[in-house]
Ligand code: NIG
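Form predicted on its own, single chain, as structure tokens, below.
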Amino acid sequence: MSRVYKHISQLLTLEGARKKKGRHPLEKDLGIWEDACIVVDKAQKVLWLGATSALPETYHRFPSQSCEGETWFPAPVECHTHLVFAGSREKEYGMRCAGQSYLQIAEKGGGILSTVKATRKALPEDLLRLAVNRIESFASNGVSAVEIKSGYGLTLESEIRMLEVIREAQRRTTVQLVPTFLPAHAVPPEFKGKDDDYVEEICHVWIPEIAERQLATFFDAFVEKGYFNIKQTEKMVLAAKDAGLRVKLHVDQFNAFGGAELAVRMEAVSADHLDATSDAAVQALAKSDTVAVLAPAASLFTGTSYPPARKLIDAGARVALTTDFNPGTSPTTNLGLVATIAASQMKMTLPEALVALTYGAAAAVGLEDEFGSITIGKRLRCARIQAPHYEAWAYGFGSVSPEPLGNH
């Protein structure tokens, strides 16, 4: 049966942000209704929304619920995670606090390859249990969709196992999962000193196998000095696109040497990190539909430079925010905290941060037609907070947890 939710203190539809594809978001683009009402059918499709005082007579006979003191907005989307892994890297945090860099720690056997070692040893059922717990942690923060990467296996067998864990996790949660194949996360020990051979293996054996098994929606690679260069990444991206995979790329996290421009040229759905990106890359992103995915929690954790959010937004780029949940540089599932950091450290306005965590993040995983806005005729996927104004989410410094509504 249809249901009526009345007297919502603030209902944010993000209709204006959707129409602008997330560019230059302003508060007027949040589509704010005060003392709002929303009507949904039994399938959670939105039948009507507007001011409570304007509720049409035809809906008065349906069961209703008062939501005074609540703010509703599109459910956040988490567009960049590495949540399938085993082991922990808290000792590396101590090394980082003592002044060692991410790359220095990696040279000493830490970093990505330390997690690879632990993940390879883990049983599938243990990886699944850990993954589901982490997904539910996101869900408890109101998140309705989560992108999840492989990349801690770095053998074909273990990468398949990680992606199969994601597939099985989807059966155990109402959160929409988006699987990404990230074989080029680092060069595995078996290919040490043979980077090009590893790239050829990915292109000619791994990508076709993953595509045939239909285990991933996206392909991703870590474009960075000491990891994968532009030529290698372009070769892998072309192979992935030929196999029917869409593309996301880690770029310009520590060095700017053309990763963001490559993402634009290859029509990647998103270019992620961008901490060290160039002014030329900012302009290239602004002229494209590639979403700039920023991870300020990782910058906070590592003590490194924040990505140039203001430059990107002011230039007209589409921007998303993420926790970048991973064991080495951002072990948090709290998107409210990300909003606070984005506002205080990257000088984003609160409307910009909200759009980046909802519509922008949905666009970064190709789900903006289903998620990231509230529209009549579309299934309701929203979060609600016990506060009369949307600013409370970021103001609460991560302590205000949105309650999901409409995932089922």
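Numbers follow the displayed sequence, beginning with 1. Nothing here was measured: the structure is a model prediction, and the numbers come from that model.
The following text describes the form predicted together with the ligand, which does not appear among the structures shown.
The contact with the ligand in the predicted complex, taken as any heavy atom within 4.5 Å, belongs to Gln253 out of Ser144, Gln253, Asn141, Thr119. In terms of contact with the ligand in the predicted complex, the residue from Thr180, Thr277, Asn326, Thr71 that brings a heavy atom within 4.5 Å is Asn326.
By the criterion of a heavy atom within 4.5 Å, His80 is counted among the residues contacting the ligand in the predicted complex. The ligand is not shown here, and in the predicted complex it never comes within 4.5 Å of any heavy atom of Arg246.
The ligand in the predicted complex comes within 4.5 Å of no heavy atom belonging to Phe301. Although the partner is absent from this view, His273 contacts the ligand in the predicted complex, with a non-hydrogen atom inside 4.5 angstroms. Residues of just one listed stretch (328 to 336, 119 to 127, 172 to 180, 308 to 316) have heavy atoms within 4.5 Å of the ligand in the predicted complex: 328 to 336. Of all the residues from 85 to 104, those having a non-hydrogen atom no more than 4.5 Å from the ligand in the predicted complex are Arg89, Tyr102.
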